[in-house]
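A lone chain, given as structure tokens: the form predicted on its own.
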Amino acid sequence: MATIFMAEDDPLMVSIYSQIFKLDNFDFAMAADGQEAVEKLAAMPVKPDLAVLDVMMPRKDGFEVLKFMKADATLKNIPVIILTNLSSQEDLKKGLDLGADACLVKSQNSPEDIAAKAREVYGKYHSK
């Protein structure tokens, strides 16, 4: 079964995404802040198939986690979706420039929309 790793500091959002991804038959792993995300990703013996990173988190933001992933040989090929509350084109461009496969504005996408994008990105890398 494929695993989605999510770094998100809002417990309600984690609960919603966990339910949605589990209904889609994904295993779900999470971290509550950017530093925890870096530590968990580095320690996972089996790396996730997709990462969903919130930009605005304590200790390290999603961009810092993305930079860490792209610099690590065991993590750099994991597809990444960046979620932000900031709708500026500059932030969306920054995520893509750092190597994210997609950058989505939370207020403009429902959790179901984001899960659909996750399935789409996952499918590009893991098509049957």
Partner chain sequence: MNSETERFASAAIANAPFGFLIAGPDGAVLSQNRKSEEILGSLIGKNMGSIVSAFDVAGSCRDCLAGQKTIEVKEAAWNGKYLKFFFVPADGSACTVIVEDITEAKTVEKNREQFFMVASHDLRTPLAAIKASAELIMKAYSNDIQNENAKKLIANIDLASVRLIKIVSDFLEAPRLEAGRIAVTKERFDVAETIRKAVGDLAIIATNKGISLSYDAPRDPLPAVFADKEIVEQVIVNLIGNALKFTFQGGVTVSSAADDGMMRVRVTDTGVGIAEQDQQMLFGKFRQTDENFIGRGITQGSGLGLYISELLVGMIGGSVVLEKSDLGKGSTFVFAIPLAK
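Positions refer to the first chain, counted from 1. Being a predicted model, the structure only gives us computed values, none of them experimental.
Another form exists, predicted in complex with the partner chain; not displayed. Remarks below refer to it.
Chemist: Thinking of 35, 38 and 98 as the candidate spot, does the partner chain come within 4.5 Å of a heavy atom on all of them in the model of the complex?
Modeler: Verified in the model of the complex; spot residues all out of contact, no.
Chemist: Can you work out whether residue 107 and the partner chain are in contact in the model of the complex, taking contact to mean some heavy atom pair no more than 4.5 Å apart?
Modeler: Residue-level check for residue 107: yes, a contact with the partner chain.
Chemist: With the partner left out of view, is residue 13 within 4.5 angstroms of the partner chain in the model of the complex by any non-hydrogen atom?
Modeler: Flag for residue 13 set to yes.
Chemist: If you check in the model of the complex, is residue 112 within 4.5 Å of the partner chain, heavy atoms only?
Modeler: Residue-level check for residue 112: yes, a contact with the partner chain.
Chemist: Looking in the model of the complex, any heavy atom of residue 74 within 4.5 Å of the partner chain?
Modeler: Because no heavy atom of residue 74 falls inside 4.5 Å of the partner chain in the model of the complex, the answer is no.
Chemist: Where, within 58-85, is there a heavy atom within 4.5 Å of the partner chain in the model of the complex? Residue list please.
Modeler: Heavy-atom contacts within 4.5 Å come from 85 alone.
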